[in-house]
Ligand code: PAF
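So this first bit is one chain, no partners, the form predicted alone, shown in structure tokens.
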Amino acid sequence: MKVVTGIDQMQMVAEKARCAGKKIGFVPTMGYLHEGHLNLIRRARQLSQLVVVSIFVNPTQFGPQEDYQSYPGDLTRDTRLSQQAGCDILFVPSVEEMYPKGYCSYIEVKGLTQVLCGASRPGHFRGVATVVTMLFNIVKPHLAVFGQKDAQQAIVIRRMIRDLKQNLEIVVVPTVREHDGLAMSSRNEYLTPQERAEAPVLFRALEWAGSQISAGERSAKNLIQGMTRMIEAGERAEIDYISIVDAAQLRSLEQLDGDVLIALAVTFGRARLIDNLLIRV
């Protein structure tokens, strides 16, 4: 595995691979890799001949009171894990190279980014769309692999590449979970032992909603109320949102029909955790 830090060098590697007829698979990350990330890398390995993984903590997707400065990282460990999972090129650019002095260009995907996490984190998806576009332009992948845990992000990026006529495939891989159902996340590192013991309630609430839907429940209000009761029964959970939306446009639903996304964001101390359930009704 080769570690690349310069944008020009990464572009040269990508151009050479494309000229050689190699299919490039790309996994963008912010580092502090866990099994969820490694599963994405392994999927990219299955689908492509050259696997590129980026590690870049993107400052433009963090709000002023968020955890940009304290976001966990361990590049030595990430390098080892990336190689073991099948990465060929680890791209680790600096903030100064990605956003040089005078940088002033941003990408917005309207509508899809004003709801769910976008309502709670203004500007977050502008930062995501911008950095992902830059990374696509640098790495020049044929496909990029994302996790279902970040469902809104995947929906936004799919819409962005369609609207901007970017020629690549987006592959979404199911959420990887701990033994008790908690979705794997770098921010799980922030949880105290007591918070970690409570956090699996998010998955249990989603499972409960799924079982209610299977039993015939179609009222979004009833489902949200039931999930809220389950999560608020603990001492440490603070609900940001629980929403039930259509999986294409992210519009709120009163009655469930078609492809539905049940999404939530809940804070436990320092950790803001997200999870979701995609279901066809």
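Don't overthink the numbering: it's just position in the shown sequence, from 1. Model, not experiment: these values are computed from the prediction.
Unshown form predicted together with pantoate (PAF); subsequent notes refer to it.
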- request: Spell out, yes or no, whether the shortest heavy atom distance between Gly36 and pantoate (PAF) in the predicted complex is within 4.5 Å.
  value: no
message: If we define contact as a non-hydrogen atom of the residue within 4.5 angstroms of the partner, is Ser185 a contact of pantoate (PAF) in the predicted complex?
response: no
- prompt: Any chance Ala247 has a heavy atom within 4.5 Å of pantoate (PAF) in the predicted complex?
  reply: no
Exercise: Val131 in contact with pantoate (PAF) in the predicted complex, heavy atom 4.5 Å: yes
statement: Assert contact residue (pantoate (PAF), in the predicted complex, non-hydrogen atom within 4.5 Å, options Glu178, Asp78, Asp150, Glu198) equals Asp150
Partner-proximal stretch of 188-196, 87-95, 207-215, 142-150 relative to pantoate (PAF) in the predicted complex, 4.5 angstroms, heavy atom: 142-150
message: Heavy atom within 4.5 Å of pantoate (PAF) in the predicted complex: which residues of 5-40 meet that condition, in order?
response: Pro28, Thr29, Met30
